[in-house]
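Quick setup: one chain, the form predicted on its own, written in structure tokens, and binding and motion questions come after.
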């Protein structure tokens, strides 16, 4: 598996260049290449879930014994993120085959999509700060372009705002990387962790950690760094919205924050308190802002802020149960939030609108979309037996175990408000009487429906895995152990 590790970057990166070349004469080639590439990556991610290792590109070492080449590390946490990124990417590409016919250039879309996936896989696997930053920028620049892919006024404005704030975040991160290199003389995360272990952080390193929390907090859209997300997610094409909310804000944001905080700098009480506070604020503010929304995708976007708050809150507890709950909810949120954005895309594809006030009666005309939307809505609201219930339950229990009863109560209250918000979606879009002008509405095309059904099955499947205890030792426990290792190791 060590030799296959760089293929998670090489394959989509190469596909991003090859697809435009072969698709100019064969129109269907971009669809075929896109599905084949993401299928291969999803299979590779599943195959590597139980393995780990270090792959050194170049394997150069300085006289002081510091690795100088690109180092890729596959541990339990990286494996969990690789599965999420590439599985959601596969569903998004399958959905795109029919959905993206309404847009101008499929080959450019698939090319940018592959660059975004390559960047995210690179971020997840990077073992040094420099290449983490490079891969982050590859994914970010591709996502900026994909948000504005429709080339309308709304899309371009949202893309510009995302680009500006994303560039601010990148500047914070780059300054933090420079400080770390100046203080430690290395950019290798394992070496930095070793040099910082067992001693208090000096002021420069505290500043670097603060810059990282701000920069990656902005990438994760945690409050108060969330301003770009409510515009970017609704404006992007539905499969891009699914990727942004499902995996981008996790791979480029919360994953790196957790990795640096626990495995490099050491999980200090002050840093954990900041992460916990940002999580609680995001959890509450996101759901309060979502309640009054009538645009389906904008409503879902605000709930992304709220749900990523659950993950940050759980990780900020710093306890084994909290870390496991946060990582489990991160995986679950990748599935049900991606599904929600795909169902919103299917509704807009069939009706031409996302306004809940103009919808109604879709349960009879779009039964597959209605069914999958119901599964995703109940999952995000934390209704048993769907997967969101189990991860939220673990987070609440972790709060109680840590003596944070107020946070546990807030988590339960936010879940109830989330349920109210998604009952509104179900009522106005699917269960109310049909509005005039919806006579022409038909179910989404087969491949769009297939992508939604697959994610709905995953919502049920991860719930069953939690009930039987299979998911914990296979994925979540190994990922949690990677964070609890203290340094950047490979448990």
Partner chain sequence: MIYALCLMLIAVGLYGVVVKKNVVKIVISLAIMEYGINLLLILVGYRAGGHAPIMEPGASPAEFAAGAVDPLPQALVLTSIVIGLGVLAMMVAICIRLYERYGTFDITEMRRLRG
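Everything quoted here is computed from the prediction, not taken from an experiment. Positions refer to the first chain, counted from 1.
Just so it is clear, the following notes concern the form predicted together with the partner chain, a form of the same protein that is not shown.
Proximity to the partner chain in the model of the complex, single hit among 276, 298, 365, 191 (heavy atom within 4.5 Å): It is 298.
In the model of the complex, the residue from 238, 158, 221, 139 that sits within 4.5 Å of the partner chain by heavy atoms: Contact residue from the list: 158.
Residue contact check: residue 231 to the partner chain in the model of the complex, 4.5 Å heavy atom: The answer is yes: residue 231 has a heavy atom within 4.5 Å of the partner chain.
Partner contact for residue 181 in the model of the complex: the partner chain, 4.5 angstroms, heavy atom: Yes - in the model of the complex, heavy atoms of residue 181 and the partner chain come within 4.5 Å of each other.
Residue 197 within 4.5 Å of the partner chain in the model of the complex, heavy atoms: The answer is no: residue 197 has no heavy atom within 4.5 Å of the partner chain.
4.5 angstroms heavy atom contact with the partner chain in the model of the complex for residue 378: Result no; residue 378 lies far from the partner chain in the model of the complex.
Contact segment among 252-260, 84-92, 368-376, 140-148, judged by heavy atoms lying within 4.5 Å of the partner chain in the model of the complex: After filtering at 4.5 Å, what remains is 140-148.
Non-hydrogen atom within 4.5 Å of the partner chain in the model of the complex for each of 133, 154 and 302: Per the other structure, all of 133, 154 and 302 touch the partner chain.
Heavy atom contacts to the partner chain in the model of the complex at 4.5 Å, residues of 357-375 in sequence order: Contacts from 357-375: none.
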